[in-house]
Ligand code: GKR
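What follows is one chain in structure tokens, specifically the form predicted alone.
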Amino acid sequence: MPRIKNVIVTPLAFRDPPLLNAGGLHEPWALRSVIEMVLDDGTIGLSETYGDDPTVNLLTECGHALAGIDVFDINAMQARVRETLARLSPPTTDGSPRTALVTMLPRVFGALEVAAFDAMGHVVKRPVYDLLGGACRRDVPFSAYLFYKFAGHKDFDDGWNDPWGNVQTPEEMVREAREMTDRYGFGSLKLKAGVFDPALEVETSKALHAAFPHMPLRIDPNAAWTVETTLKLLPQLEGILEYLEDPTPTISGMAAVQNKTKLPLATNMCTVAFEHMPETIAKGAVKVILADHHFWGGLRATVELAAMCRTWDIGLSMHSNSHLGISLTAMAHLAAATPNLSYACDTHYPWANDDVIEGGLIQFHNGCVRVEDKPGFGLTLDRAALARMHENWKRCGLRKRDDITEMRKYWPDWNPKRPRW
């Protein structure tokens, strides 16, 4: 079987609108990295993940360490990544686990494992969803991801026009939702909350429900509300939401709310690793987990998470961050092979206006991404686009995401403390 020859990591930057969230404001550029796993027979497997400097540096080091490993030997890959991160992590004085090993192993290994699955698919000429057990669905549903936003980035103008405009009122949010659903055919809505006073965000939720009464609706305050505030708001939300995502911090905080309502709570904040599952289950903290192969440890790990959710009768969806088409396609193949996908997945993809794959932006049909019957993910890099977006990265000067500093350009007294209401 082909062995890994080398791994190439290319950091990228692409334009990001001024999207508001509980942590602050998206900067003018979103950072990602593209991973190319090159096998000794010339096969290339693709992956995409975060683009901050620590992630890029560790991916590069761990990628070099994989040279010579059989691309099908995922366990050997994981062991090699673990060894490399342990070597790179500074020792601790109190005997606690090394930071990079604990926090970065799932993130770094997961990104490399995705590239390996794409390469494997090309070797055996089967789509990745077949390597994960076969497609339960070929059309994977996604939800319209709605954000409050500013009309444009302050003190920044490179000629790019943000077509979505200012969105800070319920009426403007309904307009955004209508434009997004008309353009992409989404059949459900997700509102990123935790930005304004909860009363305004509840009013926005009611306006969306009134405008789209037959569409499932969810909101995500990103842990900006206290338990007490959440409990006070529940009577206004229980009849209009399909689930409420991360209203308040911690597993215990979520449990205190979930045990007082039949409205499902969902999370991608308090339960984000396998070691969090026992407490989550014991306390009945959530009824939906939003998986994300980028930080749960890759495709196989997310399949394991789905099995745990099925066993404990916990619903399953997928979380998203600012991303490009390789991540979207990996999500779609994983979702296609997941029998118990309970809800439409999240995606930031409609907010992107550029991509690194041949053919340009991936198209949604009736709110779905169709997984193709092609080897691997069925994607080919657009080398010119890759070079252009790498130049963006070199010129933009950003090396980590900093929503707080960007927000303070508009609201100088912005306090990112959570919960804040």
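Residue positions are given as counts along the sequence shown, with the first one as 1. Model, not experiment: these values are computed from the prediction.
The discussion below concerns the form predicted together with the ligand, not included here.
The partner is absent here; in the predicted bound form, the one residue of Lys192, His293, His153, Lys149 having a heavy atom within 4.5 Å of the ligand is Lys192. This chain is displayed alone, yet in the predicted bound form one of Trp164, Phe212, Tyr343, Tyr145 has a heavy atom within 4.5 Å of the ligand; that residue is Tyr145. Under a 4.5 angstroms non-hydrogen atom cutoff, the ligand in the predicted bound form has His348 among its neighbouring residues.
Although the partner is absent from this view, His26 contacts the ligand in the predicted bound form, with a non-hydrogen atom inside 4.5 angstroms. Using a 4.5 angstroms limit between non-hydrogen atoms, Ser327 is distant from the ligand in the predicted bound form. The ligand in the predicted bound form is approached by Arg401, whose closest heavy atom lies within 4.5 angstroms of it. Stretch 184-192 is the answer when you ask which of 302-310, 270-278, 327-335, 184-192 has residues with heavy atoms within 4.5 Å of the ligand in the predicted bound form. Residues of 300-336 that come within 4.5 Å of the ligand in the predicted bound form, judged by any heavy atom, are His319, Ser320, Asn321 in sequence order.
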